[in-house]
Each structure stands twice: as structure tokens, then as C-alpha cells.
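First, one chain by itself: the form predicted on its own, in C-alpha cells.
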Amino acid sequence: MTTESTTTEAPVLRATGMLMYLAMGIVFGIILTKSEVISWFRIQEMFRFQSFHMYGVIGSAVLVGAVSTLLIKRFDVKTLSGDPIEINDKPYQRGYNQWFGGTTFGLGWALTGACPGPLYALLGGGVSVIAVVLFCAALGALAYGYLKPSLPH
């Protein structure tokens, strides 16, 4: 009896959750587009230290993330399906690999004019050439996943 109710409720909850994530993604894409965060010119301004726009957006995102994490930990917030959210502490790492990874990410961001998040917003906004960047980003993620065991961490 318990198994039947679990199997019928889980797909409904899963579908509802997926729709909520889709709606949140669409809202996030609209915010990225309206705030001009996905604009190649705004990103170039940032890398040339000509405007505070992108630094303000990134700083706001860091602040919201820090406060959200604090609230999740303090109030024991659960997921849509009722599972507890576990945020594990990460050990502090230092060394050349952090600089190499950060520099590679920054170079890719400067060359393409987009970090991974806005790629979907750009694609949805009609910038079809960004599909090449999205494909290459997926290849890079797959390569990292394959090479991760042999990379220094």
C-alpha cells in the first residue's frame, strides 16, 4: 500500500519540481538579459576596468549567495521534495592549480563574452552562434570529468 502511494506521488512531485526549476530558469534568463549581464560590451567594460556595472552585479550575487547559505543552514531549509539541504565545508586549497583554473576560466569568459550561466540566456535570446560555445563548454566539462582523477586537487 505504501509503495503504491509513493510511486504515484513521486512522478507528480518530480514533474512539479521540474516545472518550478524551468520557471526559475526562465526568470533568471530574463533577469540576466534585462540587467545586460550577458552583453559582450558590458563584459569587455569589466575586463578593461571601465565600468562598475558587472562588479556590482557579481558582488550582489556573492552577497545574496552568502546570505542564502547562512539562512539555509540556520533555518534547516528543505528541498521541494522535503529532503534536507546539506552544504558541506570545502577544504581551503591553495597552489598553482587555483590560479591556472581561474585564469583559464577568465580567458574563456573574455574571449566568448559569457560565463557558463548566461550561455543559455544568450541562446534563448537568439544569439545562435553561442551554441558553438555551449557545445565547447560541454566538451570541456566532460574532459574535466574524465581527467579529474589524474588532476591535482
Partner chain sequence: MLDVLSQPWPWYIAGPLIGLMVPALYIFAGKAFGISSSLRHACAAVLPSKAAYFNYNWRQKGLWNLIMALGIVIGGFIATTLLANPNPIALSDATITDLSALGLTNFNGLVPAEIFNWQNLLTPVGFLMLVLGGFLVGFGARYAGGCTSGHAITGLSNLQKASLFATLGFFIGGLLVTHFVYPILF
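Quantities reported herein were computed from a predicted structural model and do not represent experimental measurements. So that the term is clear: the rigid core is the largest set of C-alpha atoms that superpose within 1.5 Å between two forms. Residue numbers count along the first chain shown, from 1.
Separately, the form predicted together with its partner chain exists; it is not shown, and the next lines address it.
Q: Judged by heavy atom distances of 4.5 Å or less, which residues of 30-48 approach its partner chain in the model of the complex?
A: Contacts from 30-48: 30, 31, 32, 33, 34, 35, 36, 38, 39, 40, 41, 42, 44, 45, 46, 47, 48.
Q: Once you overlay the rigid core, does the Cα of residue 85 travel 2 Å or further between this form and the one not shown?
A: Result for residue 85: yes, a 2 Å-plus shift.
Q: Please state whether residue 111 has a C-alpha shift of 2 Å or more between this form and the one not shown, with the rigid core used for the fit.
A: Superposed on the core, residue 111 moves its C-alpha less than 2 Å between this form and the one not shown.
Q: Residue 66: CA shift of at least 2 Å between this form and the one not shown after core fit?
A: The answer is yes, as the C-alpha of residue 66 shifts between this form and the one not shown by 2 Å or more after core alignment.
Q: Say whether the C-alpha atoms of residue 143 and residue 91 sit closer together or farther apart in the model of the complex than in the form shown here, given that their separation changes by 3 Å or more.
A: Nearer in the model of the complex, by 3 Å or more.
Q: Quick one: in the model of the complex, is the Cα gap between residue 144 and residue 65 smaller or bigger than here? Answer closer or farther; it shifts by 3 Å or more.
A: Note: Cα gap between residue 144 and residue 65 widens in the model of the complex.
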